[in-house]
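As structure tokens, one chain now follows by itself in the form predicted on its own.
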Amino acid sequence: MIHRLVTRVRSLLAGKPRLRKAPRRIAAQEHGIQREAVSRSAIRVCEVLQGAGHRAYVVGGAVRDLLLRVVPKDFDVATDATPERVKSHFRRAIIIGRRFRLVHVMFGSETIEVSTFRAYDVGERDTDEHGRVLADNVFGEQYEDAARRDFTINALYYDPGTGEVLDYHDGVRDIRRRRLRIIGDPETRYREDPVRMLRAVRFAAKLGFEIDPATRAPIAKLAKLIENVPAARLFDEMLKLLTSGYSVACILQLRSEGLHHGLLPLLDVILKQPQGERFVMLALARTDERARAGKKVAPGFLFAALLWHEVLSKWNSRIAAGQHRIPSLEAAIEEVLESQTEKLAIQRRFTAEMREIWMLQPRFERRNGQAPLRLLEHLRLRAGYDFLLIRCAAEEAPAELGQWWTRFLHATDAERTALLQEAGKSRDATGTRRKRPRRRRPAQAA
């Protein structure tokens, strides 16, 4: 008994969680997960690996969501089989990753990510000067793998064969209490991977959970560590946060935890500007509506909204300096993309969409002649139009402009002709009264 207590104290002082070798086994009738709600592909992966003599379980966020009666977005599997062994059992499977080697097993359009149980105490690991783990491919036992996971609610294993949930760190209890609690010493775990601070915010906002006080305590002190995260990984995590369906709640919680500085360049500045904050929050709210309705969220549109006011500021400055509107917008876009895409690691396919959405905005002002009809053929018309409506809702573009385009997009050919004639009589390309060109009188002969 004394030996166990000493071991426990030493473990806590070292920042290590208590390793429970025997999980609590929760029967199907107690946890209530229906087998039919689990991906058939994930069940197939488990069955194949178990049939080959391995242990294999649905793990992590999918189990958490199933317990919350939420439909999981994807399913992961954890096993004691090495990546090479996993790959050998499936025709369509590839090994990916350097920091953590994983296997992607593909079934049609669905991909099941399979990880091998990772060891916990592996001695000196490859870390940077701040404690962030750079490489970690030492495999171990299931109880060690559970201790290596970030939060208790994600350290749950579902066995499709028996229907049991294996719980090593009281994750089911935390789900019932709606509490987010990190496994082990929070400061140590955040130093190992600073992205865990962002994940804490995302899970708390998305699930409506309260962050455990001990889990929250080091975040403000360690927020600067986010700057050491590779840009590509930070982009992926921010994309998950912003497309979670709860991005507004996430942004507000990022601000309250002091984590918004440096995550999205100038986001803290944007949110301090009344017009900028209104525009960004409207864009995020509409993105949340689409995500919760199960509709596709376009990352390019989202980042176009987040960086729009930086583009707008530079565009207005160039116009005030006497530059022409369209060339000055093109120059402002280039300046913003050049300064921000490297920091954000935004992929080129997204920046191309952002550029087109931004360049469409002045074209919506041209409502005479054939310009509106030509705009109907533009590939990004719908995205540009949705962007315009947010600008109108934020009162940075005339409401009448958005209303005209709504009518025009849903009108018949005859109605469109009438709308064009009406616009041609009263408005020029910028929405101001047309000025009739003054005729020059022929010069009088001397």
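All residue numbers refer to positions in the sequence shown, first residue = 1. Note that this is a predicted model, so its numbers are computed, not measured.
In what follows, reference is made to the form predicted in complex with adenosine-5'-triphosphate (ATP), a form of this protein that is not presented.
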**Report entry** Option touching adenosine-5'-triphosphate (ATP), based on a heavy atom within 4.5 Å in the model of the complex, out of R278, R290, H89, K240
**Finding:** K240
Report summary line: Picking from D193, E353, E144, D174, the single residue whose non-hydrogen atoms come within 4.5 angstroms of adenosine-5'-triphosphate (ATP) in the model of the complex is D193
Report task. May I ask you to check whether R391 falls inside a 4.5 Å heavy atom distance of adenosine-5'-triphosphate (ATP) in the model of the complex? Result -> no
Query raised in the report: Though only this chain appears here, would R101 touch adenosine-5'-triphosphate (ATP) in the model of the complex if you measure heavy atom gaps against 4.5 Å?
Result: no
Query raised in the report: Should K73 be classed as touching adenosine-5'-triphosphate (ATP) in the model of the complex when contacts are defined as heavy atoms within 4.5 Å?
Result: yes
Query raised in the report: Taking heavy atoms only, is D212 within 4.5 angstroms of adenosine-5'-triphosphate (ATP) in the model of the complex?
Result: no
Report summary line: Answer among 316-324, 90-98, 296-304, 148-156 for heavy atoms within 4.5 Å of adenosine-5'-triphosphate (ATP) in the model of the complex: the stretch 148-156
Report task. Identify whether adenosine-5'-triphosphate (ATP) in the model of the complex is within 4.5 Å of every residue in the set D65, F203 and K206, based on non-hydrogen atoms. Result -> yes
